[in-house]
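Read the single chain below, which is given as C-alpha cells and is the form predicted alone.
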Amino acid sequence: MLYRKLGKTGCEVSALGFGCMRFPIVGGASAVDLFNPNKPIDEKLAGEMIDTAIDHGINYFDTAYPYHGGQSEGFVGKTLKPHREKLFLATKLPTWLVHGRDDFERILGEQLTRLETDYLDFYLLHGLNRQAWASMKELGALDFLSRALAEGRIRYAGFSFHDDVKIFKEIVDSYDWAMCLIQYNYFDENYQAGKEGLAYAASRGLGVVVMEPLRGGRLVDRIPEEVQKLWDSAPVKRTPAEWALRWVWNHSEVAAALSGMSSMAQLIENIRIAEGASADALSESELQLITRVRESYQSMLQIGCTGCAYCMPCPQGVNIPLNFSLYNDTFMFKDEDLNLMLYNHMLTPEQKASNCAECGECEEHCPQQIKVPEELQKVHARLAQQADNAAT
C-alpha cells in the first residue's frame, strides 16, 4: 500500500480509504437499502473485508451518522476497536439534525459511544452546501469544533462538501480546517468543488480526501459499448475501475480516495490498483484517452444522479434513485426493453416517478442539486412513452 501525507496534519494515510457506506447487506441491497435500518449489515463478510483491508495496509476508515440506517458507526466501532491506535477513524456530524447548540454535544457524544472510542481522528461537518454552511455558522459550529479539538475529543476538523466552487472557497477560508472531503472523478472534473477547488484547498494546506471516485459505481458497471471500445484501444490494458482510480490518484493534491466496497472481490481489486497509486504516473496519451471517455459518457447522461440515496425516503414512497437509474440507463446502455419491464412491472405504483407530489423535500437533501420533481416528470414521460410504443 502506498501512503500520502494528509495536508498540514502530516498524517500518513493509505491512498485507498475504506468508505463505510456500502458494506454488504444480508440478502443483497440496492442503493436505497444503504440507509435502511431494517436491512442489516452482513457483519461476517464485512468484518472479513475490514480485516483484509487492514492486513493490506488500509489505515483510513470513513463512516457517518446515517450510513446503513445508523448501523455503520456501531459496526465500525466494534470491528476497529482491536486496531484503534494504528488506524485513522473519520465520521461526520449530521448537520441537518442540529437545531440548537446543545445538539452538537449530544450528537458527538452519541457518535463516540457508537464508535467505542474516546476520540475521533477526523470529524467532519457533513454535506456542507450554501444553506447548511449558513446554518452551521449561525448555530456556532466553529466554536463547537474548537472546543472539541481543545478537549481532545477530535484530533482534526474538516467538512464534506456538495455545492459550487465559490462557496467551497468561502468555507475553506473561514476556519483553520485540517481537511476536506470532496466528490471528484474523471467525469466530475469540473463539478462542485472540482479541479479548481482541489487545487485551492491543497494550496491552503488542507488535506483532501476524495469520495465517489467511481461515481457510485457508474464508471465501472455495464460499460456502454462505445466507452468500452475506447478502453480497449489503449496499449496498456486496465479495468474501468483501474482507469478511474488511477486518474484520481494521478493528482498529487489527493491524499486518499474513498471506495465504498460491497464485496471482497471489489476490495481485492482496489487494493491491487492502489499498490500503483503514484501521482503524475499517467502519460499524456492516457489522459487524453480518459478525456475522450468522459466526453462519450457526457453525450449520453441525462440526469447527474450518483445513487447516493440522500434524497430518500420519499414521503410518497417514490424510489428516486431507481427511477433516475432506469432513465439514465435507457440512454447510456441502450437497454430500453429491460427498463420498460422494470418500470412498468417491477416498481409498485408508489415507487414510480408518476407518484411524485412535488413537495421538494428531496431537493433539500440532494448533494447534486438535481431538480428532482422536474426530472421525475421526464422519467415518467420517457418510460410511459416506451410503454405506449410497446403496446402499439
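Owing to the predicted nature of the structure, the values given are computational and were not obtained by experimental measurement. Each residue number is its position in the shown sequence, starting from 1.
Just so it is clear, the following notes concern the form predicted in complex with a small molecule, a form of the same protein that is not shown.
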**Message:** Under a 4.5 Å heavy atom criterion, is residue 248 part of the interface with the small molecule in the model of the complex?
**Reply:** no
**Prompt:** Is there a heavy atom of residue 372 no more than 4.5 Å from a heavy atom of the small molecule in the model of the complex?
**Reply:** no
**the small molecule contact at residue 181 in the model of the complex, heavy atom, 4.5 Å** = yes
**Asked** Within a 4.5 Å heavy atom cut-off, is residue 322 in contact with the small molecule in the model of the complex?
**Response** no
**Whether 21, 126 and 214 all lie within 4.5 angstroms of the small molecule in the model of the complex by heavy atom** = yes
**Fill in**
Students should find that, of 258, 132, 198, 120, the residue having a non-hydrogen atom no more than 4.5 angstroms from the small molecule in the model of the complex is 258
**Prompt:** Of these, 306, 95, 160, 71, which has a heavy atom no more than 4.5 Å from the small molecule in the model of the complex?
**Reply:** 160
**Prompt:** Want to guess which of 166-174, 269-277, 140-148, 307-315 is within 4.5 Å of the small molecule in the model of the complex, heavy atoms only?
**Reply:** 269-277
